[in-house]
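Before any questions on how it binds or moves, here is one chain, the form predicted on its own, in structure tokens.
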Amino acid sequence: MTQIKEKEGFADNLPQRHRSGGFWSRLFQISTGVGIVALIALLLNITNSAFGYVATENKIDPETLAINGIPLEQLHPIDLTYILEQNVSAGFFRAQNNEKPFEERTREEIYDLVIERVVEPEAAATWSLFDSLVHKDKINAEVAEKYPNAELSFQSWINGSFLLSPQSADPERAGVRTAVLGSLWVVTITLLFAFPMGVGAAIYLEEYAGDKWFNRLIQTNINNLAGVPSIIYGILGLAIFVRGMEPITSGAFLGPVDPTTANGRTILSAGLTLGLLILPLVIINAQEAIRAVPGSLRQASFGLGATKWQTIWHHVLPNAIPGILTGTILAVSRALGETAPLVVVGASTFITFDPTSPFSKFTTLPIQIYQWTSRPQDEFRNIAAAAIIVLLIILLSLNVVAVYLRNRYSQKI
């Protein structure tokens, strides 16, 4: 009798539960759709600024630089050197010759220098990708009216020159090479610091630490540190790595160093700061991966006479490594996009030389993007959009690596 009543109650409640499940299902679908639309809007906005028509005006018409009727693009390197010497300051010409004698430069190098320093092309106006595709006739009319001496061309602000050029005050010649190298240096140090420390802490907490108040306190603090604002880590890094450990982070303990880098505001300080930032995430992800390894595997290893460490090294870690690597790379992806801690630690907003060691001054892609978006010229916003695309490609590449490593090690298991 009781079972019959329970079945009747179950049947009576079934439509209501179906309606509740349908409501939450539709709500989740709507939230997913909103997220996809927002992501598409973001990508379209970035792409819209990274491509489009550009009206370029030259300070000196290249046709006036022809010699004996030979156009500029066909002149001999000696003639190009002569044009450069006659149209730039003596100090700049000597500096370029000291950096690399003109006799040793290729024709293309000298020609590019003439275009950059003599012809001096500048963007008089730019248009977005949408306007370039939809309002082409209107753009042509506007250029003919306002910029009669300008040349209109469709330009991709992300190109080979943009990737290989250092930062510049001129948006037409600015690039992200220095920022990309700085980001790679910082992320490498971050990974080398956070990965072994995080995995080691996770192994201790999951395999060795008992259920004691001290270990529970450590675990609680690790969980709380994962939610601390990133700028707090920047202040911590400024106090510890930049000021407290300056002889080490500046490289002074190795001997005489460049005075511009002997203040601790170096790649090493930035990498260690971001390492602290992602360390709680690495620990938590590694703990979850280790916890997911079946306990029967440990018992089987112990039953065959293996020690605890042999069990961890030969059985637990190989089974947990896909999850550990995935969580670590995703944490490093977060570090790659951080700006606030690096600003506090002392990243440069304008730097034209590439980092060569952990003790070099540096900048990163997010800081470079921030610096360009704060400039008043429209062209800097165009190259900022191009830099965002470069950053997204690097982040997506890291995610692809995470998926590849997870699948590869999962198959081995």
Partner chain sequence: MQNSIDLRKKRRWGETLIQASLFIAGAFSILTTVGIVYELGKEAMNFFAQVSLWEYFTGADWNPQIDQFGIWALLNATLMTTFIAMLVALPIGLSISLYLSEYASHRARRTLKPILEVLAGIPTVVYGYFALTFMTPLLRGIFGRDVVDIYNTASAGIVIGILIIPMVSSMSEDALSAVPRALRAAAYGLGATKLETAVKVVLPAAISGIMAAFIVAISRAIGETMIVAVAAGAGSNFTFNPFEAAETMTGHIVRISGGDLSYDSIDYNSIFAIGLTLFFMTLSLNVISQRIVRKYREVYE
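Positions refer to the first chain, counted from 1. As the structure is a computational prediction, the values presented were derived from the model and not from experiment. Whichever C-alpha set is largest while still superposing within 1.5 Å between the two forms counts as the rigid core.
The same protein also has a form predicted in complex with the partner chain, omitted here; what follows describes it.
Exercise for review: Would you confirm whether the three residues Ser31, Ala41 and Ala201 all fall within 4.5 Å of the partner chain in the model of the complex, going by non-hydrogen atoms?
Suggested key: The answer is yes; Ser31, Ala41 and Ala201 each reach the partner chain.
Point to revise | Candidate stretches 147 to 155, 70 to 78, 232 to 240, 171 to 179, one within 4.5 Å of the partner chain in the model of the complex by heavy atom | key: Residues of 232 to 240 come within 4.5 Å of the partner.
Check your understanding: Given that the partner is absent here, does Leu276 sit within 4.5 Å of the partner chain in the model of the complex, heavy atoms only?
Key -> Yes - in the model of the complex, heavy atoms of Leu276 and the partner chain come within 4.5 Å of each other.
Practice item. Report whether the minimum heavy atom distance between Leu398 and the partner chain in the model of the complex is within 4.5 Å. Key: No, Leu398 is distant from the partner.
**Study point:** in the model of the complex, Pro366 touching the partner chain (heavy atom, 4.5 Å)
**Key:** Pro366 belongs to the contact set for the partner chain.
Review point. Is there a non-hydrogen atom of Gly337 within 4.5 angstroms of a non-hydrogen atom of the partner chain in the model of the complex?
Key: Contact with the partner chain, yes.
Exercise for review: Sort through Val228, Ile248, Leu133, Leu192 and report the residue having a heavy atom within 4.5 Å of the partner chain in the model of the complex.
Suggested key: Residue within 4.5 Å of the partner: Val228.
**Study point:** Heavy atom contacts to the partner chain in the model of the complex at 4.5 Å, residues of 187 to 223 in sequence order
**Key:** Contacting residues: Phe193, Met197, Gly200, Ala201, Ile203, Tyr204, Tyr208, Phe214, Leu217, Ile218, Thr220, Asn221, Ile222, Asn223.
Exercise for review: Using a superposition on the rigid core, decide whether the Cα position of Thr64 changes by 2 angstroms or more between the shown form and the other one.
Suggested key: No; Thr64 is a residue whose C-alpha shifts by less than 2 Å between the shown form and the other one when the cores are overlaid.
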